[in-house]
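The chain below stands alone and is given in structure tokens; this is the form predicted alone.
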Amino acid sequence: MRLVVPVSGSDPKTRLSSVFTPDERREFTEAMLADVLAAVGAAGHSPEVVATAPVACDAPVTVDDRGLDPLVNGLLAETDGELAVVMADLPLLTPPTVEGLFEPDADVVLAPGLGGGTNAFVCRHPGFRVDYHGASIRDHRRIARETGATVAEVDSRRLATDIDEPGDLVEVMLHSDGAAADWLDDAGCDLAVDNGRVTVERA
């Protein structure tokens, strides 16, 4: 099955602008991408990267500036619904987590994000299409059922934790030892406790 990792290569992770410069955000995005590709590869898959602009990584890269919906729906059409998509901002990903995504015997397997998004899916049904706007996990459940596909969901903290906001950086520093965690350490980030809450501070 074809496995694709979409990533923004032009101006990624704008919600981290209060912490990192544009160049740093691109570097951090590439570090998270490296973690995702390492986990996917170690699970026995050969990932392809589709980026809005060139990125540095150890996988074949196709530059495609279409939005996420037309991009993924185009890939679903090309593959007759035989496609897996894993987002590039999941640095907590591990090989067993990736293996778990493929285990359910369902036409469409969804991995919900913590904020209502869809962080990964496996599709084995020609009628499934995506709509990433809004609470996409709810929409993808509906779309899959409307096409007559069987649906399963993977309940995984590692798949659910995508890194978008400054507060999300805590998860990387606490629960990952990959390229993204190393990048944060090199950038002078450290954990701090403020009123009982763990945050990330930058030296």
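The structure displayed is predicted, hence computed values, not measured ones. Residue numbers run from 1 along the displayed sequence.
Another form exists, predicted together with another copy of the chain; not displayed. Remarks below refer to it.
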With the partner left out here, check for me: in the predicted bound form, does some heavy atom of E153 sit within 4.5 Å of another copy of the chain? yes
Would you check, heavy atoms only and a 4.5 Å threshold, whether P112 touches another copy of the chain in the predicted bound form? yes
Indicate whether L191 is a 4.5 Å heavy atom neighbour of another copy of the chain in the predicted bound form. yes
With the partner left out here, check for me: in the predicted bound form, does some heavy atom of V198 sit within 4.5 Å of another copy of the chain? yes
Note: exactly one of A51, C57, V40, I137 sits with a heavy atom within 4.5 Å of another copy of the chain in the predicted bound form, namely I137
Within 4.5 Å of another copy of the chain in the predicted bound form, heavy atoms considered, which of A160, A34, A144, V61? A160
Even though another copy of the chain is not shown here, does it sit in the predicted bound form so that R26, E30 and R202 each have a heavy atom within 4.5 Å? no
Only one of 43-51, 173-181, 144-152, 64-72 has heavy atoms within 4.5 Å of another copy of the chain in the predicted bound form; I'd like to know which. 173-181
